[in-house]
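Below sits a lone chain in structure tokens, taken as the form predicted alone.
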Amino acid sequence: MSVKFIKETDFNDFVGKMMEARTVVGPVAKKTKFVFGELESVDQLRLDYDVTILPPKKLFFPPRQDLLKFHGQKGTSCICPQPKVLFGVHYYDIKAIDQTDFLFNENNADQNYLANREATTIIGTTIQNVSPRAFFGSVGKNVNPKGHDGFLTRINGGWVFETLTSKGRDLLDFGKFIDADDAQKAEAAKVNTEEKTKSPEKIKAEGDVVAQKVRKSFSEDELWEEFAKDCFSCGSCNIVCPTCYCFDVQDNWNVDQHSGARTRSWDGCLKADFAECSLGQGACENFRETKGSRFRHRIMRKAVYSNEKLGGPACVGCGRCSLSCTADIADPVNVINRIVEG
């Protein structure tokens, strides 16, 4: 590990030289919002973004992805990772990537995800502007991000760059970096500590207390139906979530009826047909038929079910679900605080 400093006046030149040598994906403006996209010019890079529409997991786990091509009895893998630098990731999204790394690695490892993940260098950055629905300061406070290769912190006069892996250190060759002094390191540490206090929303209990109280509320059907009464079952909260990883798999045949592709697409537990199972002969069973049961499952999944193996809640407080919900009911803060205080 090394801690370096680069002047503000040299920063764009560093990014430009990195772009000449590598494919760089970073936050860019999309009208009034932000997305992670491949940089075509240094001026596109917006490290002052608050939150992106979709999380950076889309680089390793695309919304729609061919798993294999088939022709008759022969199948060909579609794994084809492209080396890239994912630049400017906020710490809550790095924590989410840590979770999906674990989940796609356990039991039967998902080689499609892991190949894309391994080919990517991840560089985190300071949160300069905070999303109005963020609550990252009060969820999973004891869980620190660990899956990145380096971290950039903006301080007076420039940036402190902490390299954490060999992939992160390799990027130093593209910029005029010098060793950071003690004052610069201290300023960077202060910036990154203070940013965690700036999220506007707050869960009013620690993770263990939340998990216990939310689990106890499982059988309160009327409460969950009340929470979900305005839900459209659109699944928007699932689709924008950085820690959701459910998907549907379909075989799509070409017109020759002999070849095609097996494709997976993001899916979500709030959708009405998510828990629908075929019983054969046209019959089916939906084991989460009501909106309340689906809404409950989402909150249980985020606050309770996976805590033990993930080391904390399956939520990082980005606030994307709150921003994307048409009915404005998906915010975990409102749901969890009501349960905790009730």
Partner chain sequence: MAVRVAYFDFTCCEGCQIEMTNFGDAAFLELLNHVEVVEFREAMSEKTTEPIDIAFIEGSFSRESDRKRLEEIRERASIVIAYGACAATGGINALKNHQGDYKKAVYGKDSEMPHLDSMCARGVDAAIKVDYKIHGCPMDKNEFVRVVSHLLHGKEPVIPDYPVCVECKQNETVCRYQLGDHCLGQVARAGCGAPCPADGIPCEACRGFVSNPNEEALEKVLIENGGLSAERAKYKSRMFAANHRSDAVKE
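Positions refer to the first chain, counted from 1. No experiment lies behind these values; they were computed from the predicted model shown.
There is another form of the same protein, the form predicted together with its partner chain; it is not shown, and what comes next is about it.
- Note that among 202-210, 89-97, 237-245, 135-143, the stretch whose heavy atoms approach its partner chain to within 4.5 Å in the predicted bound form is 237-245.
- Contact annotation: C231 falls within 4.5 Å of its partner chain in the predicted bound form, judged by heavy atom distances.
- Shown alone here, D251 lies within 4.5 Å of its partner chain in the predicted bound form, counting heavy atoms only.
- Heavy atoms of W266 reach within 4.5 Å of its partner chain in the predicted bound form, making it an interface residue.
- Taking non-hydrogen atoms only, L59 never approaches its partner chain to within 4.5 angstroms in the predicted bound form.
- Here is the short version: of I53, L310, V42, L47, the single residue with a heavy atom within 4.5 Å of its partner chain in the predicted bound form is I53.
- Contacts with its partner chain in the predicted bound form, taken as any heavy atom within 4.5 Å, map to no residue of 114-143.
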